[in-house]
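Shown below, as structure tokens, is a lone chain in the form predicted alone; questions about how it binds or moves come after it.
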């Protein structure tokens, strides 16, 4: 076989690389920094800083409600956020109410709440309460603004709220300092329309990276008091609370895989042009 033909065969093979090899490359590039637990400094954005400042401004004993509105498909981005903000709340002796507008998200919220509460020695019914899920979305948000017990007469275990020391004086949003909505869909817009606009709820939106741009207009209009977007938003909050977690751990892996993808794109374009030049030389 002649040299040009051999070169052509090599270029064609490289230009039509098996996609499974690309998956392996991505897996290796992501795994190395995660296994080595590499971290990199993260600059905190304005939207995350003001979310942190809002939680920081709540007096000890204040109540923060968490609405868990995401499912396991979005957990890699949103679970580090709820863990970081819960860490901040409990470190400041704030009390927490857990609820959700998405039933499949509740187990994720329960796992984060109970694990973080255990770290700080917090007691159920005194420092935190899980009131569970009710269907209805905006109807639930509106009902809680009138009277919390219209929708949630008991907690998720069936215990009447009046029997829980923490809940005795909490009637509606007036006794709740703020709401943290963690969502992968349009639920934050419901909280803005029916919670913030109607009842003046102070709202922090935590969402996926792809969903975050939809909420910057609400941030500029001061309809929300903070915004965390994607894994980077989680990493920034972990930096502020000095509690490194999956967010900070994922930053180097995310950077490495972006570089790997750029490298593969450049390689694909290079082999394409070299292959075309080889064909032109052969036909000349």
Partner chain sequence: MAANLANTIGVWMAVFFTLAILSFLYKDNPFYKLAEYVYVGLSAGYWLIYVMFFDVKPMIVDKFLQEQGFERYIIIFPAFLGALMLCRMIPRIAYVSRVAIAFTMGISAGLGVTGAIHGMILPQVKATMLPLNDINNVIMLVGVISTVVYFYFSREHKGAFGVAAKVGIIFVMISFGAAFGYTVMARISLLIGRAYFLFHDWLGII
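Under this definition, the rigid core comprises the largest set of C-alpha atoms superposing within 1.5 Å between the forms. Note that the coordinates shown come from a computational prediction; the quantities given were computed from them, not determined experimentally. Numbering follows the first chain given and starts at 1.
Not on display, but discussed next: the form predicted in complex with its partner chain.
- Note on the interface: of 127 to 135, 161 to 169, 174 to 182, 83 to 91, the segment with non-hydrogen atoms within 4.5 angstroms of its partner chain in the predicted bound form is 127 to 135.
- Proximity to its partner chain in the predicted bound form, taken as a non-hydrogen atom within 4.5 angstroms, holds for one residue of 243, 253, 44, 58, which is 253.
- In the predicted bound form, its partner chain stays beyond 4.5 Å of every heavy atom belonging to residue 145.
- In the predicted bound form, its partner chain sits within 4.5 Å of a heavy atom belonging to residue 229.
- In the predicted bound form, its partner chain sits within 4.5 Å of a heavy atom belonging to residue 73.
- Its partner chain in the predicted bound form is approached by residue 104, whose closest heavy atom lies within 4.5 angstroms of it.
- Although its partner chain is not shown here, in the predicted bound form the stretch 254 to 283 places heavy atoms of 254, 257, 258, 261 within 4.5 Å of it, in sequence order.
- Residue 60 is not among the residues whose C-alpha shifts by 2 Å or more between the shown form and the other one once the rigid core is aligned; its shift stays under 2 Å.
- In the core-superposed comparison between the shown form and the other one, residue 216 has its Cα shifted by less than 2 Å.
- Once both forms are fitted on their rigid core, the CA atom of residue 243 lies less than 2 Å apart between the shown form and the other one.
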